[in-house]
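Just the one chain here, laid out as structure tokens, in the form predicted alone.
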Amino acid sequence: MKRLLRQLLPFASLLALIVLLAALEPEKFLTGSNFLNVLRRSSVNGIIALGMTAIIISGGIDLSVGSLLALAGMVGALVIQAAGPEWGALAGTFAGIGAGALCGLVNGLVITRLGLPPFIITLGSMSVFRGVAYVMHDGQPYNVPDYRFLGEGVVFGIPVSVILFVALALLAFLALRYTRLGRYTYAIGSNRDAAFHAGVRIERSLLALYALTGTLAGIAAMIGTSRTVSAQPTAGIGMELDVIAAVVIGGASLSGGSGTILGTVIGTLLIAFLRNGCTLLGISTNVQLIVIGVIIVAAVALDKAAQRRKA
């Protein structure tokens, strides 16, 4: 019963937040355009959070996702400019996604080969990826004025970025629940030694998780680039905070072994609506950072308390 209540807490919190904001700012908040705007803005963080969910379930973490997003966007925009108007959009999109996958693969290789904590490795790669993004164009953005479909496109009234988020969330849910990699992910996070003795290929599984997370970050990077029609080397600064917060608020344990895609989606929407509500109420972004930080601490504290009771 307690476990069920804990799983329902993020959903209940989201509903409570929506009701509160609807009461405080009904004319601005309760509009279709505002809801679509929140969903569109949450799609970038949400797509990256899908990969972060699997990594945290496995007992790891990736602090480099914001810098990775900036680097992948810069690579994609560079290829768009170089390839020209005919094939630039398609080539640049795949180049950006590929750059994200390659960076994620590098993270996974270093973590598995050196045996160092993911926190340390991704903290270092966060700096490396950001530095490369700055060096690529002397700290200047790449402008791609015609690259708009992923960020501004609409299909049957629904933003393309939201459709991609929903589709990828569904694929991630099925992968974690029904594939061998998904089962291995939970096993590694629950008890790494037991998983090894049970025949789980830990290094190969972790390599796949970090590469997939990099791929998702590459997709998010190209959506962000399309939304602003430019690739900024400063993109994604602080994004890892929101992404990790979404996963933890959604019920995943930083100790590994537990977490769900549905919880992460709810956590992502909770943070998106929280930021949207603060903006509508005239609350500064600095205060928003404080609120999100407090929420992260509270979510981790609840998780630790639940683990102590279980023990």
Partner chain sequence: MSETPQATPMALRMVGISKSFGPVQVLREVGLEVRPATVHALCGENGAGKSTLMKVLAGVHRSDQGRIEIGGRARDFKQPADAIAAGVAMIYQELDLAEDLSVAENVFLGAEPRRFGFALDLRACVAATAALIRENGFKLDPGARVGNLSTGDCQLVEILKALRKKASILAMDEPTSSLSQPEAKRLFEVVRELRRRGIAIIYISHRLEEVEALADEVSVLRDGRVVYSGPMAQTPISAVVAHMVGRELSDYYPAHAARPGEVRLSVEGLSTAAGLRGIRFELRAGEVVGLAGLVGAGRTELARALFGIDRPTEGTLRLSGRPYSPANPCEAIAERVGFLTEDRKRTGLCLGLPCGWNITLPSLPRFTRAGFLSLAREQRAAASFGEKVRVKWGGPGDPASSLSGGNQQKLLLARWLLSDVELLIVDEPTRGVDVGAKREIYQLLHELAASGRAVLFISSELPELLGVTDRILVMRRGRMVGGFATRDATPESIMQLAAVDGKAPAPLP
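Numbering follows the first chain given and starts at 1. Values in this document were obtained by computation on a predicted structure and should not be read as measured data.
Quick note: we don't show the form predicted in complex with the partner chain, though the next part is all about it.
If you check the partner chain in the predicted complex, you find a heavy atom from every one of 186, 196 and 201 within 4.5 Å.
A heavy atom within 4.5 Å of the partner chain in the predicted complex is found for exactly one of 148, 113, 137, 180: 180. None of 228, 234, 191, 127 but one reaches within 4.5 angstroms of the partner chain in the predicted complex through a heavy atom, and that residue is 191. Only one of 208 to 216, 234 to 242, 75 to 83, 172 to 180 places residue heavy atoms within 4.5 angstroms of the partner chain in the predicted complex, namely 172 to 180. Residue 257 belongs to the set of residues with a heavy atom inside 4.5 Å of the partner chain in the predicted complex.
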